[in-house]
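Shown here is one chain on its own, the form predicted on its own, set out as structure tokens.
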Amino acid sequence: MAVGVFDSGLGGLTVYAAVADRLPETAFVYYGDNAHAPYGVRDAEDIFNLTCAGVERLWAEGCDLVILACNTASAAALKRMQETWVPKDKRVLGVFVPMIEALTERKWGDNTPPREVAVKHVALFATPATVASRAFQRELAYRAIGVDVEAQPCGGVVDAIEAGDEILAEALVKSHVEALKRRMPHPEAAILGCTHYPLMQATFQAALGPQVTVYSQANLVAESLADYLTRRPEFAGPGTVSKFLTTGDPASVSAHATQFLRRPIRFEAA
């Protein structure tokens, strides 16, 4: 048994790297649905069906706990999956929770009424599907009041990162930040709401300015998972050897993943 990490492509490797570093005694199985990436331009039904198929494949690998290391899947599919599809002996968790905990400085199990928080103006950078779902705003509203969230759909950024075109990715990030700042000139915090975006965190920070706190997910998810497995160790399982699966071409995905993480990664066909 291992912990599953699901993503539509390579972006979830930022989460995998963080959780593997944080939990070196834990085995992980990473599943990248590269054949159908990116999810950010798909409709909710398509995202739900593709995510369910990937999670089922991870269950077949013995991963009773799966992390959706994909904001689009977390936004568009997770709630429906948890309410209608996931069996009682399995767990599927998303990547929004740790970030909202950090932003609101309250634990997920804290069900007290929403209250004011220090940050009032938040910029959200995410895929078009994540922005359209309004999932981040909905979950934030359960816990905080008086927070203005301005969301910017960042079309093209994921494709540029997956293709290894850093120059194009940087240009697109700067363009999207400029577009958001025309609507919200002075954000106090910025949420990088896609697991690809940590690779461009320095570009986001430079475009936003040093006065903006940039929240990236990978390390927040790693700490949250470590806490979860402390409370539910039965979901960790034995072993420390990780495995990487893809619906795309394993050789091509392996080459891109190695460049992406700057460490050797070998994918197998899912």
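None of these values were measured; they are calculated from a predicted model. Sequential numbering from 1, following the sequence displayed.
Beyond what is shown, the protein has a form predicted together with a small molecule; the following relates to that form.
- Partner contacts here mean any heavy atom within 4.5 Å of the small molecule in the model of the complex, and among 81-89, 164-172, 187-195, 114-122 they occur only in 187-195.
- Contact with the small molecule in the model of the complex, judged by any heavy atom within 4.5 Å, is made by just one of 135, 99, 158, 200: 158.
- Interface membership of residue 39, defined by any non-hydrogen atom within 4.5 Å of the small molecule in the model of the complex, is confirmed.
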